[in-house]
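In the block that follows, a single chain appears as structure tokens, in the form predicted alone.
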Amino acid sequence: MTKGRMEAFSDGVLAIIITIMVLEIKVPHTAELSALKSLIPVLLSYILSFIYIGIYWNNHHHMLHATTRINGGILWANLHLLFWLSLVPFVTGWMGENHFASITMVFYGIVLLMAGIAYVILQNLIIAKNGKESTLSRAVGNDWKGKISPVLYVLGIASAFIHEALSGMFYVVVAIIWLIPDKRIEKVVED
């Protein structure tokens, strides 16, 4: 079984997710700049979600680049990840349309948390299939980003009940952590 088909399918699903998100942004019916004011929450939620999908696409690509063998369990784990990511357009739209209301921030965080967990499951299954000395296993190392992210998501979910901005801050911090270039896989592949 080769990884090429799984990667191509995943790329297609992620492209569709981004397309759905952008199609959910409704164009103002007037050409006045003031008409954009009501779209600010929608645009901000879109930007954050676009960044998250981009982070997953980038890391998924690097993970599969470091993978030599896959199996049926890995295919199902990949579908599990794609399922949670496919919910991002829904929670993004809900959050933006409702100006970051507390309950929408909770569900946004739950989807992000579940996608993060699904990613770790996929990563661990790939490592198990490819061995503890595989490129991916060596590159992941102690995976501090993967360990801190769920904690920050849970804090974001819990803080949504206190203040929505605090919740959003946790989600933005996780995105920033993952946006900082991580050369672990590239470095191990080059060695």
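Because the structure is a prediction, the values reported are computed rather than measured. One rule holds for the numbers: they count along the sequence shown, beginning at 1. For clarity, a rigid core is taken as the largest C-alpha set superposing within 1.5 Å between two forms.
The same protein also has a form predicted in complex with another copy of the chain, omitted here; what follows describes it.
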item	value
Contact test in the predicted complex: L33 vs another copy of the chain, heavy atoms, 4.5 Å	yes
Distance check, V151 to another copy of the chain in the predicted complex, heavy atom within 4.5 Å	no
Touches another copy of the chain in the predicted complex: I70 (any heavy atom, 4.5 Å)	yes
Non-hydrogen atom contact L75 with another copy of the chain in the predicted complex at 4.5 angstroms	yes
Answer range among 162-170, 118-126, 59-67, 143-151 for contact with another copy of the chain, defined in the predicted complex as heavy atoms within 4.5 Å	59-67
Heavy atom contacts to another copy of the chain in the predicted complex at 4.5 Å, residues of 82-109 in sequence order	L82, F83, S86, L87, F90, G93, W94, E97, N98, A101, I103, T104, F107
I162: Cα shift of 2 Å or greater between this form and the one not shown (core-aligned)	no
